[in-house]
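This document starts with one chain, in the form predicted alone, laid out as C-alpha cells.
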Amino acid sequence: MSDDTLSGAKSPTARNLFNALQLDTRLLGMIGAFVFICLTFQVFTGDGNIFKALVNGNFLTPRNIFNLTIQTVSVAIMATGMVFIIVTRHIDLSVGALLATCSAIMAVTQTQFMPQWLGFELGNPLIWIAAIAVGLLAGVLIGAFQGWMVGYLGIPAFIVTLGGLLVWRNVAWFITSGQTIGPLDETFKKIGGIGGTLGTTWSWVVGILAAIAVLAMQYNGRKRAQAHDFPTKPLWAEGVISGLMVAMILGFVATLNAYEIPTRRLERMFETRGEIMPDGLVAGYGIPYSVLLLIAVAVVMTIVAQRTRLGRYIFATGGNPDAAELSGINTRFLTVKVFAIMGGLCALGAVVGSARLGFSTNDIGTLDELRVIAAAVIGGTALAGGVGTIYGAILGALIMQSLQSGMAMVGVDAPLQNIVVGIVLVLAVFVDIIYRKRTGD
C-alpha cells in the first residue's frame, strides 16, 4: 500500500488541495498579512502606476530587507521568551527596562571595568566575552528574582514587572550615570548586524545547509509518523511544502547577498588589513551575525517547547494550572524558570541592540515591552494561556517592524505610527478571539 493510499484512508484531510497540505490557517493568515504589508509599502514607495511601483518601489529592495532583518532581531529574540510567559498566564512589562540594565552592565564592563580596573588591553577578546557573560548572568538573575516574587510570594506578574519597568530603567541610568557609554568593543559591535556578516560565500553555505536540514526534518517527521501509524500527508503535498520552505530560505539568502557593500566601505576594509582592493571588486553583505543568533534562539526555544519536559510543563500549566499542580508539576518553581529564561533573552536582546548602535544609550529598549508583547500576541499566543508558537512570535515581530519601517519610509509621523501599531494589536487579539470561537480552541 502506498503512502498516498494510506494517508487517504486514514485522514479525510487529503480530499482537496488545501486540506491535503494541512497548512496552519493561523500561520497562513500571518504570512498573508506580512505579504500585504510588504506589497502595500512597495507600491507607496514607488513611482508611476501600481504595476510600475511594484517593480521600482523601495520597500522590497535588498538594502531595506537587510535593514529590516537586523532591526527585527532584538524584539524577536525577546518575543520568543514572552511566548512562554504568556502561555503560563503571566505578563512581563519589564523587558525593555531589563534590556537597558543588561546593556548598561555590558557597556560598563567592556569600557571601564575590564580595561581600566583590570588592565585588559583594548581588543582583547576576553573583554567582549566577559561583557556578554556578565550581562547574561545579570539578566537571568533579575528574571529569576521577578519569577520568585510571582511564583513564591504570590504577587501578580503584572504588578511585579510593572515595578520592574520603573526599577530597572532607572538602575540602568545609575549604572551609566545618565551618560551614553561607548564606543563599544569592535568585535562586540559585529554582533549587531551591518558591521558583522558572513559574506556571500558563507551565506550560501549556511543557506544550503539550512535547506538540507529542513528536508531532513520533513523526511524524519514523515518516517516517525508512519512508524506510529499516524496519518501522513500525500507525498506530493510533502514535496510542495518542502519546496516552498527551501525556496524561501535560498531566496532570503540571495536577497541579502544582493545588498552590495559600498565601494568606499569595501576599500576601508581592505585598508584595515593592509591590502589594496582589486579594481572593480563587488561584494555583498550576506547574512548578519545577529540573524544567525536569532535563528539559533528560535531553534533552541522550539526544541524546548516541543521536545523537552520543561516545554510540556509550561504548556500544561498554561492550559490548566490547577490540574498541572495536582499532577505533580511544581508550578511555582516553573514560574521562576520561565522568568529566568525571559531575563536571559532580554540580555541577548541587549547584546544585539547595543552592538547595532555601537553605544549603550539611556533610552535603549524604550517601549520594547509593548513591541515584544504585541509580537507574541500578533503571532498567535493566547492571552488566556496554553497556546503559542515560537515561529509565530518571530513572524509577529517581523510584521510589527515592517509596519513601522514602512510607515517611516512613506513619511508617517512617529505618533501616528504608534497609533497604527496599537490598532493592529487590538485587531489581532479580536481576530484571535473569533478564530478560537470558530475552531473551538
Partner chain sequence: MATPLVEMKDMSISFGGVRAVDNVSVDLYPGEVVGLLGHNGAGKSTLIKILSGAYKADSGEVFVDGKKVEIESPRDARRHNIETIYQTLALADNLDASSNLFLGRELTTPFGFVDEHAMEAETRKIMAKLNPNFQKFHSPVKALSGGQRQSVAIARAVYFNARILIMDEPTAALGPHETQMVSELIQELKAQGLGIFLISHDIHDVFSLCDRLAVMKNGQVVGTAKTTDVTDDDVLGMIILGKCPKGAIPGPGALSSADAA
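All values reported here derive from a predicted model rather than from experimental measurement. Positions refer to the first chain, counted from 1.
Just so you know, the form predicted in complex with the partner chain exists too; it's not on screen, but the next bit is about it.
In plain terms, the part of the chain that comes close to the partner chain in the predicted bound form, with a heavy atom within 4.5 Å, is 315 to 323 out of 315 to 323, 136 to 144, 73 to 81, 268 to 276. Taken together, the three residues H228, I303 and G328 all come within 4.5 Å of the partner chain in the predicted bound form, as judged by their closest heavy atom. Note on contacts: among Q116, Q179, T263, T308, the single residue with a heavy atom within 4.5 Å of the partner chain in the predicted bound form is T308. Note on the partner interface in the predicted bound form: the residue among G46, G386, P62, G29 having a heavy atom within 4.5 angstroms of the partner chain is G386.
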